[in-house]
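Given as structure tokens, the chain that follows is alone and in the form predicted on its own.
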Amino acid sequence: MNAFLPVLILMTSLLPAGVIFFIPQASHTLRNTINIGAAVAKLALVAWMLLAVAGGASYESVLPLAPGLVLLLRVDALALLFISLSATLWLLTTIYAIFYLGNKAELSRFFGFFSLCVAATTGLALSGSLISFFLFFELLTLSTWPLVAHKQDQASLAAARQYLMFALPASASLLWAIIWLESYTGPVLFTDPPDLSGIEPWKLRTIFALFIAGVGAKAALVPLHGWLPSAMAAPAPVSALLHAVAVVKAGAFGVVRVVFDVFGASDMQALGVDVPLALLASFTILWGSWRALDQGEVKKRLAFSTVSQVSYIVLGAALAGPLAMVGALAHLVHQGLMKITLFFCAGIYDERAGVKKIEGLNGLGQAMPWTSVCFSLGALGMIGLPPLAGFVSKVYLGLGAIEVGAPWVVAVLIASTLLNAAYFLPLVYRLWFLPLGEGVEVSAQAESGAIGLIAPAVVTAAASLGVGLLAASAVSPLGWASLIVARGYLE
């Protein structure tokens, strides 16, 4: 039974996807029941496995693909960190999407690819080898592309094409890196890092660069970030999925795997590629924040914020110290909670008040208080105000930088925080301290009739506060990240 558990947790998303594609458009109750039922089942299974893995258990499934080639799925503390985030947010995003999309067209296609995307994310987290990781990494591209193109209007189709223009060369880079490395080492298992001592340093540096280019496109590292702001043409549930649950997190998670499970911190430092990666992450943090300042649309500003915020995870991995790694892994969850809150709220403003532009936020705090409180909590958390989740991440990254002798990173974090404040505080000010703009009419029922949209945002906003207040708890994201590092993940 234990060997089947990784397959079972994958099937909780994969099987519903296969069924949902064939459900008639008009069968809303059946489709919604399968969607929510599968998400609840997955979350329950993840909760049970969290308890077991916390006690020291691990689970592994080996599925033959071809002679000498297997699909290796492994449940451990690191995998569960990512899966618990995706499972929790999948349920909330599914509820949000059901109410957001209502009776719009092509719902079975949408939710089929939606579930397939979560299945790919789950498989990617469970992957115990490079080839397994690559297969699910590609499935993630194939399942998210139709979601970006879902509206099938000119903007959505252009965004989907741009997504593939970045994703396909990145996939080629990742495959090239895997083939080149494994031609020397044989199949790379994450539990048994390869011996790199017999490979020339210049080749290893090139392979490392190919790996980072391969996963860096999904992580939106500059200059591979251009697809992400364009993808905001997709519906709000897709934006939430891209930014908080799946794609950019998969890229950041891939960086962590490459750094620690393929090269190892010591080899990365010996090759001298740790500082360039930290500099690239730092530049992306500052560049994304700077570009967010001049965005006039709410979702575009949030998109450039994601470009910046996800690179905190990459920065922590590049620093490769215990405290920095704890901060990076915790931020993988913290950023997901805060950013999905912001995108939920942006979708509510659009759907219930017709507001897409930043100036349209004027006065909505009074007209839509629940949504605006949630948005404000997400924004203040991104800035890093205590006791919200973003504050915890930044403190650990700063302490981690000092721990490994890189105090310049603290200056990057301070500059980023100031830029975060510069592009988020005006939005909060508009919500609460300016009157409604001319020509903007918000119904008194804007929120009372939208409980299915608001409830997920309230839950994630409360979680953004809760994981900060309870950061010292062993069951918090910070506590779980500390457990991962304490079990020797950096060694």
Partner chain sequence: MTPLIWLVIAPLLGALAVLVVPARRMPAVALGAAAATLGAALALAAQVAGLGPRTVLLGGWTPPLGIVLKADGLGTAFAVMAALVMSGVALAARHELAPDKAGARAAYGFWPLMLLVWAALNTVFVSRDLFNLYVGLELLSLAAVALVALAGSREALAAAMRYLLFALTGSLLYLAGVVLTYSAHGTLDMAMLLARVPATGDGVALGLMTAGLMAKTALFPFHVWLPPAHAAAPAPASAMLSALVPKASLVILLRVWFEAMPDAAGDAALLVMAGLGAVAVIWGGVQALVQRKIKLVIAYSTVAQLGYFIIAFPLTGGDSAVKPWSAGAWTGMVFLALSHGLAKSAMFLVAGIWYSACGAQELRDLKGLARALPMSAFAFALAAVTLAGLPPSGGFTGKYLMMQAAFVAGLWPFALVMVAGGLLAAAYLYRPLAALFAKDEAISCAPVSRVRQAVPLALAAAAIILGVLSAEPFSFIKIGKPDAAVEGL
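Keep in mind that what you see is a predicted model, and the values were worked out from it rather than measured. Residue numbers count along the first chain shown, from 1.
Form predicted in complex with the partner chain: not shown, discussed below.
Using a 4.5 angstroms heavy atom cutoff to the partner chain in the predicted complex, all of 152, 168 and 175 count as contacting. Contact with the partner chain in the predicted complex, judged as any non-hydrogen atom within 4.5 angstroms, is confined among 118-126, 259-267, 158-166, 231-239 to 158-166.
Note on the partner interface in the predicted complex: the residue among 451, 69, 26, 47 having a heavy atom within 4.5 angstroms of the partner chain is 69. Of the listed positions (98, 142, 280, 213), a single one reaches within 4.5 angstroms of the partner chain by any non-hydrogen atom in the predicted complex, namely 142. Not displayed here, the partner chain is kept clear of residue 108 by more than 4.5 Å at the level of heavy atoms in the predicted complex. Using a 4.5 angstroms threshold between heavy atoms, residue 276 stays clear of the partner chain in the predicted complex. Put simply, residue 84 is far from the partner chain in the predicted complex: not one heavy atom of it is within 4.5 Å. At the 4.5 Å threshold, heavy atoms of residue 134 reach the partner chain in the predicted complex. Within 4.5 angstroms of the partner chain in the predicted complex, the stretch 286-311 places no non-hydrogen atom at all.
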